[in-house]
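So this first bit is one chain, no partners, the form predicted on its own, shown in structure tokens.
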Amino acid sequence: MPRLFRTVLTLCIVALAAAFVFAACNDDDDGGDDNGGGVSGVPELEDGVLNVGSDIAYAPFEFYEEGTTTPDGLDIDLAEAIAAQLGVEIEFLNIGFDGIIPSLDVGDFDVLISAMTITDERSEVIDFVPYITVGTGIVVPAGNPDGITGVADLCGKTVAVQIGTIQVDILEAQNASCAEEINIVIFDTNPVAVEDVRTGGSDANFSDFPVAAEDAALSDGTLEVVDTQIDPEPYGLGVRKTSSELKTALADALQAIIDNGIYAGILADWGLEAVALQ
């Protein structure tokens, strides 16, 4: 083979190989953009996993599918959609609600997604990305024998509530206006608090409105939810104060699933369109 021909052939092969590598690199970049990208420079996501802390006993927001260890619920679906938008895997850690902020703060997981209302007190400890808006509901025995229509009617009553929730704060604040104080009975989880109403130990249960509605619907007619939704406030995805890059990435991913319709679809799947971020 003539030397000139061999040289030209070699140059052609090198050029073809370079073009292939360039195309492959461009394909990788496009794939990253399709998945949301934006995870470079986010220390918590460098392992390719978004670790989520949640108290998985608060249907319809987070709960285990019956007889399994598979988490389900509105918060679970939104968390998975956000992780997919970021192009990372997701893992859930089940942790009691009263210990969830301290566990986040010491780095047990990256973000808490657990039906947590944003408050000034909590915002002093961690940062939030608002994602839905929810009020408080009151579960009472069927027929509402005490005629409860709002929080003021709970004065002098025994009310079951989950530890660490905003509902404890609302009841304690209401006691300042009660002639006869509310007897606040605190339980580790909301299902146990609901059961206390069902069995006659408490006059009412105080929880987030969609949870209250779900508990009443699943009570076989023994419980009902009062129509009034009290003080709607935003829930937030919680991150450490030092996780500014993660907070930005989560906010961007949330906005992306709002813009592309995934967010609205998830809310519709759970019949909770009314809690869309306001």
Partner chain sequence: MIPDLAIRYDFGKVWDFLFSPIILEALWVTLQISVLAMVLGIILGVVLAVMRVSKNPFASTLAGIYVWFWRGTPVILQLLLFFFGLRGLIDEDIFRDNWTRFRASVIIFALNEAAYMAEIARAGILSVETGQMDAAKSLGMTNLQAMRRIILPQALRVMVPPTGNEFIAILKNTSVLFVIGIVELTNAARIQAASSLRVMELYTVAAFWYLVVVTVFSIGQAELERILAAGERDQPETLFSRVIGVMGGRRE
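Positions refer to the first chain, counted from 1. Note that the structure is predicted; figures quoted are calculated from it, not measured.
Omitted from view is the form predicted together with the partner chain, to which the following refers.
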query: Heavy atom contact within 4.5 Å of the partner chain in the predicted complex, the stretch among 204-212, 99-107, 81-89, 144-152; finding: 99-107
query: Touches the partner chain in the predicted complex: residue 77 (any heavy atom, 4.5 Å); finding: no
query: The partner chain contact in the predicted complex: residue 199, any heavy atom under 4.5 Å; finding: yes
query: Distance check, residue 125 to the partner chain in the predicted complex, heavy atom within 4.5 Å; finding: yes
query: Residue 93 within 4.5 Å of the partner chain in the predicted complex, heavy atoms; finding: no
query: Heavy atom within 4.5 Å of the partner chain in the predicted complex - qualifying residues of 239-260; finding: 240, 242
